[in-house]
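Below, in structure tokens: the form predicted alone, a single chain.
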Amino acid sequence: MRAATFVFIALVVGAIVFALSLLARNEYVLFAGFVVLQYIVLATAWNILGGYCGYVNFGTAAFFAMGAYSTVALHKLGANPGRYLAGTFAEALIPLFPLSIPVLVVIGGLVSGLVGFGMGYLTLRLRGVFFAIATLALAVVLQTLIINWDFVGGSRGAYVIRPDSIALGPVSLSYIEYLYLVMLSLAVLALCVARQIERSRLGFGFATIRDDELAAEASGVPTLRLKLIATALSGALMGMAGAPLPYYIGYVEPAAAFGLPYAVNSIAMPMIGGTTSWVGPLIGAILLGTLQQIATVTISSVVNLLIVGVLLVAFVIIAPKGIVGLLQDRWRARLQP
């Protein structure tokens, strides 16, 4: 299937999902769907570095939080740009405020992409467990910086007041419908990017790093450049997923933005679905994200990480290659005489 055809199909499926969600006429469906879509983006973004390149990243929460706090900072600037920008080189930007959500998403992606590039430049000469520990340290360092940055609320957190509705041309949507549409668009974008990478020379280069990095270097593959591209792309998509968060929950504080569930789920979902294909993170995010939302309503959100642990153990035993890998192995076995 050509890339243009896949993009068209993804847009059609996204439009159908959005229409069905609106027909449900249940705001909780939109709130829960936003979270599941958010995890689709995060799982897909993690898989670009962790699945395609084989570099385990424990710093998902850091990139996600950078996107969220970029929005918080720009929202505060937009509330009173004359106070913060007057008399500076950025004074000409005052008429642009307040910024729309799509613009905030792009800026959040740029900020997190730059952080990812910087992290890659500093740490990608490390491999295996040493790289994983370095990414975890990055999250701790960035969380400490945010806690001590009073402009975005510091340890107290920050409130973000969102409007009740928004007009998109002749159509008026409630703000949660609008945020759901934004996150659905991001999920479609992330899946299209991941699939295009998987079937391109870039994806083949990532695969050589995953399979045998030393052999790839010896063969002339520019591994460092490819890893920098992977960290920047992965970080950018994570930041874009985090940018709408302040408007979704209305209040952001460091412990929540840098929360453990983001790091754990973004790793568990591709591993459960399968890390070698763009389909794997999608399946894992829908399965695990839906189960967690059901558990939150019926039992308690406290059991969410327990669900992740149980499913991870089960899939490591039953299907170490994930759902996609299990289905592929069974299909090959069936084709063999």
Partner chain sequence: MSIPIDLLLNAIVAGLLLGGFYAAVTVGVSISFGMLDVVNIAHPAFIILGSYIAYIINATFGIDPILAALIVLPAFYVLGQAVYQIFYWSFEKRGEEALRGLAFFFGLLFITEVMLILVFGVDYRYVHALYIGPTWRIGFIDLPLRMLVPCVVSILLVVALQMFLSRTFVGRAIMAVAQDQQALRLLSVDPIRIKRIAFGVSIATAALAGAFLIIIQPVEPSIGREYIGRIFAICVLGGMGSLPGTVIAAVLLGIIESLTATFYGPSWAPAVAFGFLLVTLAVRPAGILGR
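The shown structure was predicted, so the numbers you read here are calculated from the model rather than taken from an experiment. Residue numbers count along the first chain shown, from 1.
Note that the form predicted together with the partner chain isn't included here; everything after this is about it.
Trainee: Given that the partner is absent here, does F34 sit within 4.5 Å of the partner chain in the model of the complex, heavy atoms only?
Mentor: No, F34 sits far enough from the partner chain in the model of the complex that none of its heavy atoms falls within 4.5 Å.
Trainee: Does A236 reach the partner chain in the model of the complex, with heavy atoms at most 4.5 Å apart?
Mentor: A236 lies outside the contact set for the partner chain.
Trainee: Taking the partner chain as it sits in the model of the complex, is W46 near enough to touch it, meaning that at least one heavy atom pair lies within 4.5 angstroms?
Mentor: W46: contacts the partner chain in the model of the complex.
Trainee: Within a 4.5 Å heavy atom cut-off, is G50 in contact with the partner chain in the model of the complex?
Mentor: Because a heavy atom of G50 falls inside 4.5 Å of the partner chain in the model of the complex, the answer is yes.
Trainee: Only one of 197 to 205, 123 to 131, 173 to 181, 160 to 168 gets a heavy atom within 4.5 Å of the partner chain in the model of the complex; which is it?
Mentor: Contact-bearing stretch, as computed: 123 to 131.
Trainee: Look at the candidate spot formed by C192, W278 and T290 and say whether the partner chain comes within 4.5 Å of a heavy atom in all three of them in the model of the complex.
Mentor: Judged in the model of the complex, none of C192, W278 and T290 sits within 4.5 Å of the partner chain.
Trainee: Using a 4.5 Å cut on heavy atoms, which of L20, L326, V316, L11 is close to the partner chain in the model of the complex?
Mentor: Filtering the options by heavy-atom distance leaves V316.
Trainee: Could you check which residue among V264, I107, I101, I229 gets a heavy atom within 4.5 Å of the partner chain in the model of the complex?
Mentor: So the residue touching the partner chain in the model of the complex, by this definition, is V264.
Trainee: Determine the residues of 308 to 326 with a heavy atom within 4.5 Å of the partner chain in the model of the complex and present them in sequence order; the list may be empty.
Mentor: Going through 308 to 326 in order - heavy atoms within 4.5 Å of the partner chain in the model of the complex - the hits are G309, V310, L312, V313, V316, I317, P320.
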